[in-house]
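As structure tokens, the next two blocks hold two forms of the same chain, structure 1 and structure 2.
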Structure 1
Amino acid sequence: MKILVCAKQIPDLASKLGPDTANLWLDETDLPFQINEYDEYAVEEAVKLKEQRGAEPTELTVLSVGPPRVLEMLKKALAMGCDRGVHIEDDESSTKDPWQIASLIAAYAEKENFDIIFTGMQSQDRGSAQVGPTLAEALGYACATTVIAFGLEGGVITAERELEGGARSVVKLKPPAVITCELGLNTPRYPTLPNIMKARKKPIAVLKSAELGVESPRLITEKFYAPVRKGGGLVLEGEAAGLAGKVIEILKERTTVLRG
């Protein structure tokens, strides 16, 4: 079985974020980066599947699209248990839309004939949730999104999905398939020191995005900006009986709610 897991490197969301000078994306100067949380669930689930298969032949590849810095993230995925890495090098990946990213991955994956592809449900920076389903469509694979439980038995995938309003659904599908992973699917492992050392010897193939063919964008970002800050709220303290009178006075003075 051949398994692919796709991972994205994103800015540390606890950092101070702001738009770049072109107002098209984040200013990445001095920003720390990390693996996208949903993609970390995807890596863990792919590694678990490989482990569950035991002695059955299984090759697990982790792939990322991005600038040279994503190599560090790929090494973490290798330390978690992936067998080899693929880096589609693209310095402009942050400006590409989901169609372009999915097309780059599909251009590589269609030659490899993967049985199962795991991705995160969405990235925490863009949040489009479109790369996984678009990749499945490009490859002609079945697809299950927002998966919170996964199993493979007898050549059939059983996936439990989280729907709107907290509802759940269970679907069955046959490989080849794309699975997008949601919060709660698993608990990602911490790479151990021996596995970190082993990861240094695992191969990482580097491909240029131009070699795979960059599609024209379907979605163009015109402007990226922080929302304008609005005035702060008014906090009233005291007993409820006294506060009621204050609220009425404020409404009369500052609004038209109580004006005849």
Structure 2
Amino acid sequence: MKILVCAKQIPDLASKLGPDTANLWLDETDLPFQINEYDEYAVEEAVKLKEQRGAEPTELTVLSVGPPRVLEMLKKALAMGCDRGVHIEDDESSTKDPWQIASLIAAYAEKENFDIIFTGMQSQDRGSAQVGPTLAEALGYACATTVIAFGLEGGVITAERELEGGARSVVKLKPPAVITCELGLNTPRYPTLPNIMKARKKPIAVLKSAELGVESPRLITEKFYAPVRKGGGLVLEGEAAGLAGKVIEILKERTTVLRG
């Protein structure tokens, strides 16, 4: 069986964020990067599936589209248990729309005949939730989205999809299939030191996006900016003890919860 997991590297969104000089995306200077959390669940689920298959031949590939910095994330995925990496090198991936990214992945994947492709349900930075199902459409694969429980038995995938209010729908589908992973699907492992060492010997193939063929965009970004802040809330800064006293004064004044 051949399994692919697609992962994106994203900036740490708790950092201070601001637009680049073109006002089209983030100024990436000094931003730390990390694996998109949804994709971390996807990597873990793919590794778990490989482990469950035991002696059955299984090859697990991890793929990412982006500039050279994504190699660091691919190495992490290899240390988590993927067998080999594919880096679709593209310094301008952040300017590409979901259709273009999905098409690049499809151009690579259609020659590989993967049985199951895992990816995050969305990225935390763009949040379009499009790449997984668009990739499935391009490859003609079945697709289950927002998956919070996954199993493969007798050649049939059973997936639970998370719906509003915590309810789930249970769906069945057959490989080849794309599975988009929700947060909480599993508990992603920390790579151990021996596995980090082992991962150094695992191969990472580098392809240029231009070689795969870049489609024309379907979406144009005109501007990237911080939202207008409506919240006129009070902002308090300082050291803990002093702030605690202030907050208690405010609660006494503006709420009834400290009375009686």
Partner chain sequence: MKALLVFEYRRGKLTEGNSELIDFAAGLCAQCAGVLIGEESALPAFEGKLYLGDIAVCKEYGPELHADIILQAAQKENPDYIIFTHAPYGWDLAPRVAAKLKAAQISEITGLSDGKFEVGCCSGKMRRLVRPATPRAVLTLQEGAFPFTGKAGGTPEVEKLVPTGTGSGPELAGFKEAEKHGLDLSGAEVIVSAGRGVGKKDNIPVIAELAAALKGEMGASRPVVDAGWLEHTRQVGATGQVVSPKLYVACGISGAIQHLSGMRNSEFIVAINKDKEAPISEIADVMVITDLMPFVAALTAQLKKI
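This is a predicted model, so every value here is computed, not measured. Residue positions are counted from 1 along structure 1's sequence. Just so we're on the same page, rigid core means the largest C-alpha set that superposes within 1.5 Å between forms.
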Matching the form predicted on its own against both blocks gives structure 1
After a core superposition, would you say Asp20 shifts its C-alpha by at least 2 Å between the two structures? no
Please determine whether the C-alpha atom of Val170 is displaced by 2 Å or more between the two structures following superposition on the rigid core. no
On a rigid core superposition, how far has the CA of Leu251 moved between the two structures, in Å, if you could check? 21.2
